[in-house]
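Single chain ahead, by itself, as structure tokens, in the form predicted alone.
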């Protein structure tokens, strides 16, 4: 699947957003390392705290189906080049440290980033392993 197809799926997912409060639609599509595609949209709840972003919706759908590695993820929103929030960047880090992150307005208007560009000096599973090794000494 190429970038434009992934962006197209994110644009379709954006149409499903449930955003009665902010009116800000976000869609996401990702492809796993084993070539499965998952989509998600943002879902708002009136008390806001349980609201979930499109990126986490797509990622959690993939994880719940047994897919653990993200190869690429495309995000589209109502603003010019909508970027993942900090929480979503950390979730992407957990399952797609080397994933291509595509921020798009359309199939022809997009930018591509690495996670290191969006979340420098990130914390991940290997940091916990290093800490465990230090305690075992």
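Numbering follows the first chain given and starts at 1. Treat the numbers as computed from the prediction; the structure is a model and nothing was measured.
The form predicted together with a small molecule exists for this protein as well; it is not shown, and the discussion that follows is about that form.
**Q** Would you say all of 29, 32 and 60 touch the small molecule in the predicted complex, counting a heavy atom within 4.5 Å as a touch?
**A** Result no, not one residue of the spot touches the small molecule.
**Q** Against the small molecule in the predicted complex, would residue 37 count as a contact residue? Criterion: heavy atoms within 4.5 Å.
**A** It does not: once the small molecule is placed as it appears in the predicted complex, residue 37 has no heavy atom within 4.5 Å of it.
**Q** Although the partner isn't part of this model, could you tell me whether residue 24 comes within 4.5 Å of the small molecule in the predicted complex, counting any heavy atom of the residue?
**A** Output for residue 24 is yes: heavy atoms within 4.5 Å of the small molecule.
**Q** Residue 44 near the small molecule in the predicted complex, any heavy atom under 4.5 Å?
**A** Residue 44 belongs to the contact set for the small molecule.
**Q** How about residue 90 - does it come within 4.5 Å of the small molecule in the predicted complex, if we only consider non-hydrogen atoms?
**A** Looking in the predicted complex, residue contacts with the small molecule do not include residue 90, since no heavy atom lies within 4.5 Å.
**Q** In the predicted complex, which of 107 to 115, 80 to 88, 63 to 71, 93 to 101 comes within 4.5 Å of the small molecule (heavy atoms)?
**A** Partner-contacting stretch among the options: 80 to 88.
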